[in-house]
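Below, in structure tokens: the form predicted alone, a single chain.
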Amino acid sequence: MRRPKSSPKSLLDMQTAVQTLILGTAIGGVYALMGVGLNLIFGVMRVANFAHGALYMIGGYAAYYLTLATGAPMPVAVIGAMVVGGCVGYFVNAILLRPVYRSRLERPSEFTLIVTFALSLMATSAAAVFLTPNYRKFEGMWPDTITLFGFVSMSGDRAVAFVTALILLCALLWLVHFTDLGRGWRALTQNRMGADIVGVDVFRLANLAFATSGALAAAAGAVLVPLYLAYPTMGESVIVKSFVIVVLGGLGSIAGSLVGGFLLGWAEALGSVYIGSGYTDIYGLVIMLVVLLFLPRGLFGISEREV
């Protein structure tokens, strides 16, 4: 018997689904890069950094102005943006959040929330005043359109952003699992008080965690500016997506952030194609609510150990 031939419509539907999943994977990698830095802070210090979106915005502008002012190639601009973001992240914890470590605050989590939220508003307002609200764009590393499998079209800058995100995520995983710094972070994740008792320098490790988180957020902003432009409020949607990723994957779980980032990318891509592009920001929130309904700690959430 002869096999029934695939109809042109079914073939087109399959190609659309494959292209949607590939594009969702590409943006999901960058989403994971956004979320993993925020989750690193929560895992190490059990606090929420509401200035995470501002660090993303700072990274995007840093890459733009480094390229504009010095003519530096995009890879150098991304590294420069990471340095700027890392320094700002270190400053936030070492200076603004210092009372959390050097005094006995009654409610350190609330103090951190207020300080980082205020810092986010100040950074957005300062960018609007000093950098103007205009949208900025510069040419990325690969402005051409590439074709995969003969039918999947993707901008080269999107592919570069995905590869850059994967490299940085792999570097973070190596740092967490195979270095003394990572072992210190994992000790704080399991129990901060216990780590402090055995002599772990909590303040130093927290500073480095904030610096690493800031560098990763800035890198995400730098690689996405050629795709989504730079503007003062660009970090507002990012902080929402980052929290969705963190809650999906599980508070304090690096692996969970990776899974959460890809889930959000797939949800937005599939929802935009098969439901409607006008509800893109809602799909991740719906999945988050469903996950929390059955898994309150997220997919890979970990509980804090008691002394």
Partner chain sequence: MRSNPEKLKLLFAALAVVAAAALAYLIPSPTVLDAVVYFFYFLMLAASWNLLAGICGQMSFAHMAFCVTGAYVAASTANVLGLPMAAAVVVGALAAACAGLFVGIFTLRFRDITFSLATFAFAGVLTSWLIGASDITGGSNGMSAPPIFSGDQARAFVWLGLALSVVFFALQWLLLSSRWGILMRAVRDREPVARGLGVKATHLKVAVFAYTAFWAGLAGGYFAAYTEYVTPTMAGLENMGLVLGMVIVGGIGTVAGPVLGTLVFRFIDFFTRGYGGEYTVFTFALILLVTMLFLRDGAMGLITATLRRFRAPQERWHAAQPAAAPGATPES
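All values derive from a computational prediction rather than experimental measurement. Numbering follows the first chain given and starts at 1.
Beyond the structure shown, there is the form predicted together with its partner chain, which is absent from this document and is the topic of what follows.
(message) Whether 150, 173 and 258 jointly form a contact site for its partner chain in the model of the complex is the question; each needs a heavy atom within 4.5 Å.
(response) Checked in the model of the complex: no contact with its partner chain for any of the three.
(request) Mark residue 299 yes when one of its heavy atoms lies within 4.5 Å of a heavy atom of its partner chain in the model of the complex, and no otherwise. (result) No, residue 299 sits far enough from its partner chain in the model of the complex that none of its heavy atoms falls within 4.5 Å.
(message) Is residue 72 near its partner chain? Define near as a heavy atom within 4.5 Å, in the model of the complex.
(response) Contact with its partner chain, no.
(message) When the contact criterion is heavy atoms within 4.5 Å, does residue 167 count as touching its partner chain in the model of the complex?
(response) The answer is no: residue 167 has no heavy atom within 4.5 Å of its partner chain.
(message) Can you tell me if residue 41 lies within 4.5 angstroms of its partner chain in the model of the complex, counting non-hydrogen atoms only?
(response) Output for residue 41 is no: heavy atoms all beyond 4.5 Å of its partner chain.
(request) Heavy atoms, 4.5 Å, its partner chain in the model of the complex: which of 213-221, 159-167, 78-86, 109-117 makes the cut? Say which one. (result) Heavy atoms within 4.5 Å of its partner chain in the model of the complex occur in 109-117.
(request) Scan 215-238 and write down, in order along the chain, each residue with a heavy atom lying within 4.5 Å of its partner chain in the model of the complex. (result) The stretch touches the partner through 236 alone.
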